[in-house]
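One chain is shown next in structure tokens, namely the form predicted alone.
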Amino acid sequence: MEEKILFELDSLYRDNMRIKGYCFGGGEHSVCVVGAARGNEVQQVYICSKLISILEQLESQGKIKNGKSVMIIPSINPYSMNIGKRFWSTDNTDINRMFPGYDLGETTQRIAGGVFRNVSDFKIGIQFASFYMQGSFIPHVRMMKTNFEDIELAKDFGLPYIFRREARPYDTTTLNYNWQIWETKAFSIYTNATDCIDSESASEAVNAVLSFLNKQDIIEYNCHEGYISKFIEGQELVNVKTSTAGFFIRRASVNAKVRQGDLLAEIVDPYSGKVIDSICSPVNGIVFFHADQPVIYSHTPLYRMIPTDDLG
């Protein structure tokens, strides 16, 4: 394993910020894995740490194929992580909305530019991402529709779902989008945690990446190959919102199978303790995502459902 400093930012008041990459193997730039872009993405860093540990063992055993290389970048925003702040600590900007970056721009643009110079020539890019809303997902591979996405290749992760959605204007400044524009096969992987460690879904994500690397003939690794992935488009999902604000009492979790009319959640008045809204499923389906904030505002999406015809 070789540890590289990919970008360094001078600091007047504390140690310099250093973005590190952990490199395995040699030869072509085969796969780059990026963890946290935001300061609260603890799960994403944890997954990368597990991958680094396993790849270091595989490399010592000669199980990384000749002419192939993998780089893991656990975090591209360690400053914000050190103070528990999701976005850049001084101006609250999002590094993952600054790609491909600009060397003479704002600080986060310069960070994004420094990172992108080091990752843009990899054949495959994998990012452990988080959703803009606080909540949990069924572990899945996510792609934007750019005409460069590769659904068949995404199946090699063996995760339960492959999710594709239309790209929006603000997506054009994300790492995933720019990777694709620079002809890197790019995938984002979501687990069911962000600001805490969920060992079960972290292990599933680690296994998915190792299985993927094995199928691409980059490493030699025997593992469970996962699921036959189901492909879903973004517009297929059904959003379930609340009509009022209050305490959010969740009654259905991720991956739960529910029927139309089943209780998903209750909204409780914070002062009186009375149930002021009962949230029921509008469809037969599977819970793909649920919010997990303790206090919910009115008209907030609480659940995203995958409609199904037969729940068995």
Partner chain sequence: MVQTIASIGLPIDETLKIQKNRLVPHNQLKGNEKRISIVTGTHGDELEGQYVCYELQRRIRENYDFLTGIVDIYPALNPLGIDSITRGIPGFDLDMNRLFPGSENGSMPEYIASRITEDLSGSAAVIDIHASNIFLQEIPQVRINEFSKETLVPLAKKLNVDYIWIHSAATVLESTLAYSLNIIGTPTLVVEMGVGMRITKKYGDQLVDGIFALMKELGIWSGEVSEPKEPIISEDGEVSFINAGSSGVFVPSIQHWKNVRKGDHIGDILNPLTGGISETINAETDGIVFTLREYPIVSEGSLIARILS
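Residue numbers count along the first chain shown, from 1. Keep in mind that what you see is a predicted model, and the values were worked out from it rather than measured.
Quick note: we don't show the form predicted together with the partner chain, though the next part is all about it.
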Exercise. Mark residue 245 yes when one of its heavy atoms lies within 4.5 Å of a heavy atom of the partner chain in the predicted complex, and no otherwise.
Key: yes
Exercise. Give a yes or no for residue 10: in the predicted complex, does one of its heavy atoms lie within 4.5 Å of a heavy atom belonging to the partner chain?
Key: yes
Practice problem: Examine residue 170 and determine whether its closest non-hydrogen atom to the partner chain in the predicted complex is within 4.5 angstroms. | Solution: yes
Practice problem: Indicate whether residue 90 is a 4.5 Å heavy atom neighbour of the partner chain in the predicted complex. | Solution: yes
Quiz prompt | Stretch from 115-123, 230-238, 153-161, 79-87 whose residues place a heavy atom within 4.5 Å of the partner chain in the predicted complex | solution = 79-87
Quiz prompt | Sole residue of 166, 200, 220, 106 within 4.5 Å of the partner chain in the predicted complex, by heavy atom | solution = 106
Quiz item: Which residues, if any, of 19-38 lie within 4.5 Å of the partner chain in the predicted complex when only heavy atoms count?
Solution: none
